[in-house]
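Have a look below at one chain only, the form predicted on its own, in structure tokens format.
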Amino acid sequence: MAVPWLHEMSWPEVEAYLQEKDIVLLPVGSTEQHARHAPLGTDTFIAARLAEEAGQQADVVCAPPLHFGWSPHHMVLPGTISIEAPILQGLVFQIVKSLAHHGFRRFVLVNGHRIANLPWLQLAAEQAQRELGVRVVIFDPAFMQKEIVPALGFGKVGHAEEIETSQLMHLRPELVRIDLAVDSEPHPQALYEPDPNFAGDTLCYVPSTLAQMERVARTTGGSTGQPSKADAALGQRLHAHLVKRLGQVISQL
């Protein structure tokens, strides 16, 4: 299968695929501000390329990317499109329901929007498994990069920081203006650290308020972390690790 995208296939091609396999990847991202140096579609670009490359290697179909996520905290800057979580949950459930009707039984939700998308993705996955009798797993880069990030020398998970900026510099270098990147000052909060790598005790993540994000917008243009340290070569290593992990998830299913 040269091109794994479902929307580029004809229905007879999908029918033939389903005679051999019943697995499909669904990339889910967002359209939201990623500071001055990165495009609004960063999360979707990353999720879609992970799905596309892993799908090509495993000969597995990818459903069309979902370009929208839950981004209320990023509405502080123009261009962001935030969809309420219950609507997104219903949308993903309907996508899975439609594909399950045709014979797809195993689903990998490839999330590019990190922990902000996870609550409603988890609810959609649980609903689908309970009501449709399908198998759904969620692949999230922030959780799947924990083994390689220290070796690459990256800092904490933030927003438009060196981790996802490096990956995007590898995938879509023409869309990154690293000269416009602004690093943020460290501002640790006791017992609150949203990075999945953090080993200490911490509260669960809650998106920032618009008032809190206004300070970020003023100081860095919307990023948190050290995007100036982004490097395309490191991004390539990170991306290869994630594609490998996604391939392993597909194999396990």
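Please read all numbers here as calculations on a predicted model, not as lab measurements. Note that residue numbering follows the sequence shown and begins at 1.
As for the form predicted in complex with another copy of the chain, it is not shown, yet the points below apply to it.
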ask   = Judged by heavy atoms and a 4.5 Å cut-off, are Arg36, Ile83 and Gly221 together in contact with another copy of the chain in the model of the complex?
value = yes
task = Verify the contact flag for Ala58: yes if a non-hydrogen atom of it lies within 4.5 Å of a non-hydrogen atom of another copy of the chain in the model of the complex, no if not.
result = no
In the model of the complex, Pro150 touching another copy of the chain (heavy atom, 4.5 Å) = no
ask   = Using 4.5 Å between non-hydrogen atoms, is Arg105 touching another copy of the chain in the model of the complex?
value = no
ask   = Could you tell me if Arg172 has a non-hydrogen atom within 4.5 Å of another copy of the chain in the model of the complex?
value = yes
task = Would you give me the residues of 73-107 that have any heavy atom within 4.5 Å of another copy of the chain in the model of the complex, in order from first to last?
result = Met75, Leu77, Pro78, Gly79, Thr80, Ile81, Ser82, Ile83, Glu84, Ala85, Ile87, Gly90, Leu91, Gln94, Ile95, Ser98, Leu99, His101, His102
